[in-house]
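The chain below stands alone, shown as structure tokens; this is the form predicted on its own.
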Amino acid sequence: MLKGYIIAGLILISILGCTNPMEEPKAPFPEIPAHLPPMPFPVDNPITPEKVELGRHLFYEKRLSVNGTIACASCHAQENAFTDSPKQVSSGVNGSQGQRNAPTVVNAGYRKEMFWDGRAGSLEDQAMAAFLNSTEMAADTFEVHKLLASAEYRVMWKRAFPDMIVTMHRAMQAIGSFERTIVSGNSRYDQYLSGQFNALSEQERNGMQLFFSNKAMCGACHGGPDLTDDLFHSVGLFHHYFDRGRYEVTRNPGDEGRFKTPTLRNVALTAPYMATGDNEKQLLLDLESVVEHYDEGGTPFSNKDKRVKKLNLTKEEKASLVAFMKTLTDSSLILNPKFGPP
């Protein structure tokens, strides 16, 4: 956990090693679709509309980066389901290139660990890590503190934190609070689940049945209300992983090549999906290519999930799977102004 301390009106940042316990909010905020679970939040960061509004401004605030060019929204764009599609890897300040593509923050409040390798235990920790990372925002904490304490932010800050104590940790709490409101649950698939059975075509319903069947087994990892098991798997991308994934966090050889299972909500908007082949250059740019990868059983690798094997799907079955995954797009999320820039 990252925690801010105030000394003579300025802040120092220290890095601690634990994650806050989580609890469910007692108030009906934010609004969550009835078929999704309540949104958990850290006990030291109760969610309020005022904190969310401050967080929305900070999410789009480029002046949080060292040269005023990168905001959270730079890599998590609303029109791309809060990813940086179609980039293979995310870019930071001064054109620096990251190692991976930024994952979506949609429904990220449900995640137990953040980043593809799970190295952060909360949205607050994830935001701070991006804020301090030299290839992402490379923030000058002294200058950022001056911005947050300025007249421009004073009214919003007082509403969110009435004691008016300004810290970077609190800024990350505000951003985390805003991100917890970015909830997707109104796709055509969700409408079908709510009883609107004409929301899906016959082909899409066939794809849904196949998706959750023992034949395709997509739902084994992409199940539940958010279409992810929230675990780490190797899906047979390479013979050798230059990016070793979860292993970089745990140092457990069994975690080499394992990455976080993403939610498939809005998946049609979040390409590229993965790279295959040992040169890591063969990008899968569309859902048809992803289905082909799993149908062929992936690349042999010691840690590959045993469920990734040849499926022998027909041409019609592949098309049905793709059609179903396209029903997971939530247009109301992409167009909702409360998630857009202030």
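The shown structure was predicted, so the numbers you read here are calculated from the model rather than taken from an experiment. Don't overthink the numbering: it's just position in the shown sequence, from 1.
Form predicted together with a small molecule: not shown, discussed below.
With the partner omitted here, the residue from 311, 52, 66, 39 that has a non-hydrogen atom within 4.5 angstroms of the small molecule in the predicted bound form is 311. When you look in the predicted bound form, the only residue of 208, 182, 218, 160 with a non-hydrogen atom within 4.5 Å of the small molecule is 218.
The stretch among 264-272, 248-256, 143-151, 195-203 whose residues place heavy atoms within 4.5 Å of the small molecule in the predicted bound form is 264-272. Highlighted residues 224, 327 and 333: none comes within 4.5 Å of the small molecule in the predicted bound form, counting any heavy atom. In the predicted bound form, the small molecule lies within 4.5 Å of some heavy atom of residue 126. The shortest heavy atom separation between residue 301 and the small molecule in the predicted bound form exceeds 4.5 Å. Of the heavy atoms in residue 115, some are within 4.5 Å of the small molecule in the predicted bound form. Although the partner is absent here, residue 78 lies well away from the small molecule in the predicted bound form, with no heavy atom inside 4.5 Å.
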